[in-house]
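Below sits a lone chain in structure tokens, taken as the form predicted alone.
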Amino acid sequence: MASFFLSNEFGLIVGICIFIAIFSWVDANFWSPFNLFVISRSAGVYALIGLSMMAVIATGGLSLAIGAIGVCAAMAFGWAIESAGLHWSASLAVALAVALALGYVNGWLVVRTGIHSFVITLATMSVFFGGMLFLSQGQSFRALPAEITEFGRLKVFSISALFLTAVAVALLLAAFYRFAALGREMLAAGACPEAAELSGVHSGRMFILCHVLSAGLAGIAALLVTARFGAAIPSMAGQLGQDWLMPGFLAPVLGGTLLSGGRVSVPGTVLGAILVTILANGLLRMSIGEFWVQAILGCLLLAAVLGDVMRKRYLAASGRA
């Protein structure tokens, strides 16, 4: 119990409660059913974006291409429905297959070249996004079935179905890392590839699978955004998918995922996404400009990274690294 009160998760819960109290005091409508729906809808997407980045950080790497991969998956979904005439369920399979394939390309390039994933995914981010624009001619797919848009508007007691979907995915991912042999091997490879190899774990294969898992989660996030907008839009994640990078980094780092790899926190990542969403929503409702919101989130990311560095130094000094 004492360890929980010292954990990132407990700190995030306290932070969430503090910000809710502050924003509710400043704005009486902050906790209204409508704003709760808005917050939960955004938090669901941010949570999956954070989990997508977390899956790669587990290897000690980074993926700057999660936004581009997500947009490619969403556009593939729209194309499969509107141009290929497939049922929406088959189109979901097409979209996820595209995401997984792009994730495999990232992982394969990282392992085969030995170049850091930051550089590889910086390049593939532009390649994937540019290829998507070339194939789609930059056109959106808006003729989606009613089931998709209705799901984007669905809520349970003011909680968006998008957030409930993200929670379900997070529970499965937490069980995967906790109980599945493959999940534990991924973390072992991220913690120390050399030791993992001596234990019979193929680190290169695990790194590729981590990128594939990350891409699959990014694809799911993009499909949730598609349901929210009611359309597959090339700009849904910003230019080159860069709008996903800030929440992608913030959520797992705040949640306690080690940047050096080998340790993840699925609950912490979800809580980090909720904290980021509440902070951004509250500041915007206070009529604070978007620029200042991004600046505050950037400071929060810097503080989280510095906290990660200090934690590693403390663990090393205490012999628990």
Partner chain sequence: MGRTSAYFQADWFGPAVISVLAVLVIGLIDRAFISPAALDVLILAVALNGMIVLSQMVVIAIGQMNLSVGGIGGLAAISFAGLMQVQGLPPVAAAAIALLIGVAAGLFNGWLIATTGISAFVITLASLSLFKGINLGITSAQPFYEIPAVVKAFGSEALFDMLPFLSLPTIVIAFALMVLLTRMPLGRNILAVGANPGAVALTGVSLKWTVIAAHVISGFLAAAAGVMAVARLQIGLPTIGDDWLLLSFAAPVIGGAVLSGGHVSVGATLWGVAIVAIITQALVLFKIDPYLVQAVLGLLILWAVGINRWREVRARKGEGKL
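Here, rigid core means the biggest group of C-alpha atoms that superpose within 1.5 Å across both forms. This structure is a prediction, so every number in the text was calculated from the model and none was measured. Residue numbers count along the first chain shown, from 1.
Form predicted together with its partner chain: not shown, discussed below.
Novice: From the candidate stretches 93 to 101, 161 to 169, 125 to 133, 212 to 220, select the single one in contact with its partner chain in the model of the complex, where contact means a heavy atom within 4.5 Å.
Specialist: Among the candidates, contact is made by 125 to 133.
Novice: Taking heavy atoms and a 4.5 Å cut-off, does L250 contact its partner chain in the model of the complex?
Specialist: The answer is yes: L250 has a heavy atom within 4.5 Å of its partner chain.
Novice: Can you tell me whether T113 touches its partner chain? I mean in the model of the complex, with a 4.5 angstroms heavy atom cut-off.
Specialist: So T113 counts as contacting its partner chain.
Novice: State yes or no: in the model of the complex, is some non-hydrogen atom of L301 no more than 4.5 angstroms from a non-hydrogen atom of its partner chain?
Specialist: Heavy-atom contact with its partner chain at 4.5 Å: present for L301.
Novice: Considering non-hydrogen atoms and a 4.5 Å limit, does its partner chain approach M246 in the model of the complex?
Specialist: Yes, M246 sits close enough to its partner chain in the model of the complex that at least one of its heavy atoms falls within 4.5 Å.
Novice: Taking the rigid core as reference, does C17 move its C-alpha 2 Å or further between this form and the one not shown?
Specialist: Result for C17: no, shift under 2 Å.
Novice: Work out the direction of the Cα-Cα change for I278 and L302 in the model of the complex: closer or farther than in this form? It's 3 angstroms or more.
Specialist: It is closer: the C-alpha separation of I278 and L302 falls by at least 3 Å in the model of the complex.
Novice: Using the form shown as baseline, tell whether L302 and L279 are closer or farther in Cα-Cα distance in the model of the complex, where the change reaches 3 Å or more.
Specialist: Here the pair is farther apart than in the model of the complex; there, closer.
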